[in-house]
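Just the one chain here, laid out as structure tokens, in the form predicted alone.
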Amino acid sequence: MSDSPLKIGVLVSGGGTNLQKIIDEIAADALDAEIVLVASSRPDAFGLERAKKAGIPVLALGRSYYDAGTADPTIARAMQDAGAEYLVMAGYMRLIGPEVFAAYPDRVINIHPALLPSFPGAHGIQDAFDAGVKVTGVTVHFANEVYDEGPIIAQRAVSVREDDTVESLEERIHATEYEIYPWVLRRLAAGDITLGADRRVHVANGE
């Protein structure tokens, strides 16, 4: 465990509300980390504005990078140059390629608004609601080259109420995300998270 803050790079595609929560936790000295770079798959993503307001360097990619196949090498190189130790996906809506995973093996973390392996994909909240499940939730996991797969670090359940709408369920899901992601990052910064040879995640000092 290092005495210096955990250096993370954050990947976004949209509004960046999870990014903002991480920024706020760091500012409040509740998370011993430093965001060294925020990269976005969209140059108009509001998450970039959140980063700029907090004085965090940004990397704005666009369709041309992805069409040319240069997005992932660009991200990997930029994050390494910035000194990122881990990459944190916060609403990043692109499949990460092999160049990033080669640079950050077992060091890319994602959050998903469902209890994986159930309801993977871009519409996890809607899919869970449509399926009529009584419990859904949030998953934080190590990402791999398949959407919403990889060793699970932590999960928290969210009950689906009888009077729920998709909107009310989404609100509680997001509130849970804002709790569990900082918790995972705090454990990561403390050196409490390890990935065993069996590809199972072990969390010391867990809840």
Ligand code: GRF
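For clarity, every value in this text was computed on a predicted model and none was experimentally measured. Note that residue numbering follows the sequence shown and begins at 1.
Omitted here: the form predicted together with the ligand. The next part is about that form.
Looking at heavy atoms inside 4.5 Å, which stretch does the ligand contact in the model of the complex, given the options 100 to 108, 87 to 95, 68 to 76, 127 to 135? Answer to the contact question: 87 to 95.
Counting only non-hydrogen atoms and a 4.5 angstroms cut-off, does Gly15 reach the ligand in the model of the complex? It does: once the ligand is placed as it appears in the model of the complex, Gly15 has a heavy atom within 4.5 Å of it.
Distance check, Arg42 to the ligand in the model of the complex, heavy atom within 4.5 Å: Arg42 lies outside the contact set for the ligand.
Even though the partner isn't displayed, in the model of the complex is Arg156 close enough to the ligand, meaning a heavy atom within 4.5 Å? Although the ligand is absent here, Arg156 would stay clear of it in the model of the complex, with no heavy atoms inside 4.5 Å.
4.5 angstroms heavy atom contact with the ligand in the model of the complex for His174: His174 belongs to the contact set for the ligand.
From first to last in sequence, which residues of 100 to 124 have any non-hydrogen atom within 4.5 angstroms of the ligand in the model of the complex? Those in contact are Ile111, His112, Pro113.
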